[in-house]
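Next up: just one chain, as structure tokens, the form predicted alone.
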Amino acid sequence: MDVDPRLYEQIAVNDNDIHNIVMSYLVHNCFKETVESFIACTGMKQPSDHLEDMEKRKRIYQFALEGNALKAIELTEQLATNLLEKNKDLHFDLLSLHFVELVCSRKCTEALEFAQMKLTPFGKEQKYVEKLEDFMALLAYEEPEKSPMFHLLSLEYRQHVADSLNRAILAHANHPTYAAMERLIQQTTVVRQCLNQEHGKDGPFSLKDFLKS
């Protein structure tokens, strides 16, 4: 079911609400320079300490995205004390990034030693056993990029870990873990999918097509 645009085109949208949504997205994704420009253009106020934390989060995010997990861990422990100690899943994922970087650099002996020292202890819990097996299997391939576990070496995997780390740091500081824009898109998608199902419309709701309309 397509909603008649006439039903919502006349609904007034407050500029401040739009500004807050945009600001939330920029802050969440650490676009510090853009945030400063946006504040200057709109006259919005943003605490200076929030901007300082944003710069720190940006550095951590970039290190994780680049695969420099040990530096990301070091800075995370400075910014969010005990976060990784309490979030073992995230800690494991970050350590695995460093292991992958060693494998990709063909430092297999160093990778094995690192795994035995830092990753193997996680194997005491069943939920980590399969993950450990997948990572360790990379050592069996001369070209791990062509192995069945090639996705663990991908930018997408690093981005997934970096995004999870960013959200965890935000939660640790009692900030929203998702930008308001993301939440609005998620809610819009769910509502439209429900409307499609109720009215028997074939196919899933396409956000891409909706934005083009």
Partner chain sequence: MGGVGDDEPASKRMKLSSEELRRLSNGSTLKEPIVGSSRDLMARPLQSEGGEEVVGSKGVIKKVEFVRIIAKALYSLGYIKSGAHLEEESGIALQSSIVNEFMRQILEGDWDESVVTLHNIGLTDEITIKSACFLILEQKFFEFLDEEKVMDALKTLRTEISPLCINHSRVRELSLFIVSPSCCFSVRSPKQDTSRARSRIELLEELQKLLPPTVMIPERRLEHLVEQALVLQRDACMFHNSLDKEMSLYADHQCARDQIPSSALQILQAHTDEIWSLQFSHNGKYLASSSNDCTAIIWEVDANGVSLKHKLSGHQKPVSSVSWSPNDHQLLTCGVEEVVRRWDVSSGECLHVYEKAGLGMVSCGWSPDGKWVFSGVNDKSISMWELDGKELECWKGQRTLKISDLEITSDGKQIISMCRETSILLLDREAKVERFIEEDQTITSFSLSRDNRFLLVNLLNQEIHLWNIEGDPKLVSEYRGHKRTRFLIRSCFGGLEQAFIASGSEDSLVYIWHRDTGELIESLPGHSGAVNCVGWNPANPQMLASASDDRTIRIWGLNNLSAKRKDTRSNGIHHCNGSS
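Treat the numbers as computed from the prediction; the structure is a model and nothing was measured. Positions refer to the first chain, counted from 1.
FYI, the form predicted in complex with the partner chain isn't displayed, but the following is about it.
Enquirer: Is the partner chain close enough to D17, I39 and M44 in the predicted complex that each of the three has a heavy atom within 4.5 Å of it?
Expert: Per the other structure, none of D17, I39 and M44 touch the partner chain.
Enquirer: Could you tell me which stretch in 166-174, 144-152, 53-61, 29-37 has residues with non-hydrogen atoms within 4.5 Å of the partner chain in the predicted complex?
Expert: One stretch meets the cut-off, namely 144-152.
Enquirer: Going by a heavy atom distance of 4.5 Å, is L84 a contact of the partner chain in the predicted complex?
Expert: No, L84 stays farther than 4.5 Å from the partner chain in the predicted complex.
Enquirer: Heavy atom to heavy atom, is E130 within 4.5 Å of the partner chain in the predicted complex?
Expert: Judged by the heavy-atom cut-off of 4.5 Å, E130 is in contact with the partner chain in the predicted complex.
Enquirer: Please tell me whether any heavy atom belonging to Q78 falls inside 4.5 Å of a heavy atom of the partner chain, as the geometry stands in the predicted complex.
Expert: Q78: no contact with the partner chain in the predicted complex.
Enquirer: Should L97 be counted as a contact of the partner chain in the predicted complex, where contact means heavy atoms within 4.5 Å?
Expert: L97 lies outside the contact set for the partner chain.
Enquirer: Select from 116-134 the residues with a non-hydrogen atom within 4.5 Å of the partner chain in the predicted complex and write them out in sequence order.
Expert: Contacts from 116-134: Q116, T120, G123, K124, Q126, V129, E130, L132, E133, D134.
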